[in-house]
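Shown next as structure tokens: one chain only, the form predicted alone.
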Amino acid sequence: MNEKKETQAQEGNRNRARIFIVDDHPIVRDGLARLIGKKAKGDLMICGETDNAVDAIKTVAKIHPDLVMVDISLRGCDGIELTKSLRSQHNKLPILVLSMHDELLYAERALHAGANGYVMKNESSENLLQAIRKALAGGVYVSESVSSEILRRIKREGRDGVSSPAASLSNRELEVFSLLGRARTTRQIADELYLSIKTIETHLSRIKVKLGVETYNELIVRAALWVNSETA
């Protein structure tokens, strides 16, 4: 009976997304672990934690978590720099930045650094779990106020003559870009458009060049924001 329960527990853990926490406050790390353990409904689990960037980089490379939560204020290296380092080494790793700082000031910086979302520590547990799950699904999470501000900027730039993706991309590239902004993976885009993964990767490379985007994650952010601006 004990062996059966142990096997069931192992199977349950394998089905959970593994989250690694980087925060230099033990109380915060403990609180996040308790929150996720209590309210995640069996789909999320904590696989490790640390209080510094150096250990985070080493441990993430070793244990390969499904998502990393990074505090923006760390001793010796801030969360933005750590996010850049993690993104350079793990191109598709979902990263959420947590902060008590003004989100209108830091959220866009976090996204440009490679984060998949920016979450204020005073947000509700439901919003935090939503952010985690959205990032795991390939999406981008910011609060409604930040999203609205970025969308206003996009629309203002459009009125000021800055080219939108629709003006610079081919019809097929715009189709791929739009699906990427709807949190589709490369494989899902390929399946949906009846194309090979290699063809989609070629389209994505061309889109990055045309939009002046350096990383795949930044392209995801740009695509998600553009899709939101079109449906707002």
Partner chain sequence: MAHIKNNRKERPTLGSVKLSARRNKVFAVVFSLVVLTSACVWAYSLRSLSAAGVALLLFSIAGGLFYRIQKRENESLQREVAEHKKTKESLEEARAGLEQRTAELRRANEEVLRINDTVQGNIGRDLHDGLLQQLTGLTYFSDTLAENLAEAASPCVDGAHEISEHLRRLTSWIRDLAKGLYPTDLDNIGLAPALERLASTTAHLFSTSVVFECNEPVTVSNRQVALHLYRIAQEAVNNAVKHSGAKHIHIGLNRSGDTIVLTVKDDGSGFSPEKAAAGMGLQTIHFRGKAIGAVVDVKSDAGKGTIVSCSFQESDKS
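From a predicted model like this one, the values you see are computed outputs, not experimental measurements. Residue numbers count along the first chain shown, from 1.
Keep in mind the form predicted together with its partner chain is missing from the figure; the text below concerns it.
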- Task: Considering its partner chain in the predicted bound form, find the one stretch among 168-176, 200-208, 52-60, 23-31 with heavy atoms no farther than 4.5 Å from it.
- Result: 23-31
- Query: Would Met120 count as touching its partner chain in the predicted bound form under a 4.5 Å heavy atom rule?
  - Reply: yes
- Spell out, yes or no, whether the shortest heavy atom distance between Ser125 and its partner chain in the predicted bound form is within 4.5 Å. yes
- Message: in the predicted bound form, is there a heavy atom of its partner chain that lies within 4.5 Å of any heavy atom of Tyr141, even though the partner is absent here?
- Response: no
- Consider His90 of the chain shown here, and say whether it contacts its partner chain in the predicted bound form, taking contact as heavy atoms within 4.5 Å. no
- What changes in the predicted bound form is the Cα distance between Ile80 and Glu214, by 3 Å or more; the two atoms are farther
- Residue pair Ala53, Glu214 - Cα distance in the predicted bound form, closer or farther (3 Å or more): farther
